[in-house]
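Next comes just one chain, in structure tokens: the form predicted alone.
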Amino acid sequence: MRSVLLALTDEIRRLKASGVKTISVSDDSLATLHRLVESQQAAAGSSATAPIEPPAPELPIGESRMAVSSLRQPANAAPRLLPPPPDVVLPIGDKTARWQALRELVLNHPVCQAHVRPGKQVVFGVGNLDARILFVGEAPGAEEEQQGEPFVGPAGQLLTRMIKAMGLERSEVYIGNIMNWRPELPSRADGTQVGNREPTLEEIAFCLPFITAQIDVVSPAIIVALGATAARGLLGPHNVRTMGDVRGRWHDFRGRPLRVTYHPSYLLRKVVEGKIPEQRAKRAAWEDYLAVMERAVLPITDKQRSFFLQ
């Protein structure tokens, strides 16, 4: 609850500093905000006119610390409040039992379900529960929310090819996302959403415990963060201003080595836009994959070392 108020306060301040003088807030959002404030005041034993505690500089999320002011909300994000990040407690058992319990929790979570459009699905991670390499992406897209599986669209096809180039099959790794539903945007009259957007601070914070729990269950030797959003979620946005800040070196996530590389959709988009030649784009990402292969002690042939070179 407090995290929601802090994020909202910070965003209003950011908008004011950027010159925005008015914002539109729905009656439902106002009612929700009033309930949150009243609940906080009641819990603290304060009067109805008592001021809200000033925002703290950082908000704890599990074992990551996410600087509230460092992650800007997308301008076209749907202005919806979310509850605090959930506490994920899994039953005692083997990997399969714990993963199944986690999957059921996420797929049937009322907050996740509330953000899925009619006929679409909440998306949970897939792959080998004994995988040594675990990939973390951003959020589901159109194909993913239709099939209920991460990375099945064009970006997923490119990721699959890169995994094969490593000498692995997709079934040998684990693939998940920071978010479990497709970030909402206005839709056509027929209910079809047009385009995608980056997750907001609230969305990342809410879903982060779910991917963290998946990492704990799988217990991979290496984590690969695909894109800036995944990197910000796992490393904290205050550590990820640009991809250049985090690419090319190893990081730590809860005691596990983490490597950051480009999201496959970024590579596809830049190639289509003509901003990066295809070979150059893939080679830049492939150097990250080579580093992962070396850390995982996978065999690397001379041919693999020369992939995507001119």
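Just so you know, these numbers come straight off a predicted model, no measurement behind them. One-based numbering along the sequence shown.
One more form of this protein, predicted in complex with a small molecule, exists but is not displayed; see below.
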With the partner left out here, check for me: in the model of the complex, does some heavy atom of residue 173 sit within 4.5 Å of the small molecule?
no
Decide whether residue 233 counts as a contact residue for the small molecule in the model of the complex under a heavy atom distance cut-off of 4.5 Å.
no
At 4.5 Å between heavy atoms, is residue 133 in contact with the small molecule in the model of the complex?
no
Check whether residue 139 has any heavy atom within 4.5 Å of a heavy atom of the small molecule in the model of the complex, and answer yes or no.
yes
Suppose contact means a heavy atom within 4.5 Å; in the model of the complex, does that hold for all of 144, 151 and 177 with the small molecule?
yes
